[in-house]
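Given as structure tokens, the chain that follows is alone and in the form predicted on its own.
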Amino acid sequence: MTALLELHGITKTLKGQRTPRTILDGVDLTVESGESVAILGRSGSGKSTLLSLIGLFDRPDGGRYLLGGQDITRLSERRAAALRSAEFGFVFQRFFLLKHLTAAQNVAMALVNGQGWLPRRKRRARTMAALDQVGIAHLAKHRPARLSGGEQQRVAVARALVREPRLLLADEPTGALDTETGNLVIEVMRSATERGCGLILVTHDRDHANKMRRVLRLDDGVLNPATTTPDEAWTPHSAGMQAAPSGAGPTPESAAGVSAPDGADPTREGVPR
């Protein structure tokens, strides 16, 4: 069966310095549908750079990137943006919520594009279901300023999950949260693997990493197994399997998976009323 994601010999070098610095040096990674993978590493080791490449915010200098067996190493920016909208969910340490929109409207941003234009009733139903999944449906009409940091992160998780992405990418999503909220966020994201979503978690928290199916460590630009964590609940069938570099980084719109048509305003189009 074709793997969800395959990286072969991925390299990345930062060249905007007197001496170029190798960040990724021949990284190999395979992720199956329904599998969860944690990536550990010291600050500056290239974890976020790797996630940025996987999320198509940046391009590798060398190597091959396959998604569902399709080579997407050298996509145009237009095609990369469309693929981000259709296939990926993103959760970052920063929440990237639009301050003038409610929690529900921020989540609905992910449905504005990427899966076609949904009828308002269906869009609202999916938005509320996603907020309910993270336990804050009762805060749907609140704007970010009225939400705690933990509540804002749960909105961001709901936004990432509402489209049911094939691959969920999380970069230090619990770094600014208390232990209880952090554990909730991890469990909600991990539950997405039960329907076949792949999950890649970049974290400094070893306890959270150990909740993933595999734990890897990035050192000197090379990705190697850190440890194996037993997870008897995970099987291919139960999982649904019968310092960023110079590239463009995430924005509130890209974190939401929005790729609006020319002239469209995604903050006004398609949000629930």
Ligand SMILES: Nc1ncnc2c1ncn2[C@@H]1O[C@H](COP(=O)(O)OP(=O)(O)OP(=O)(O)O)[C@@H](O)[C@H]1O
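Keep in mind that what you see is a predicted model, and the values were worked out from it rather than measured. Start at 1 with the first residue shown and count on from there.
The same protein also has a form predicted together with this ligand, omitted here; what follows describes it.
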Q) What stretch, of 61-69, 44-52, 29-37, 209-217, brings heavy atoms to within 4.5 Å of this ligand in the predicted bound form? A) 44-52
Q: Give a yes or no on whether every one of L14, R21 and H204 sits within 4.5 angstroms of this ligand in the predicted bound form by heavy atom.
A: yes
Q: Evaluate E151 for contact with this ligand in the predicted bound form, applying a 4.5 angstroms cut-off between non-hydrogen atoms, and reply yes or no.
A: no
Q. Is there a heavy atom of E87 lying 4.5 Å or less from a heavy atom of this ligand in the predicted bound form?
A. no
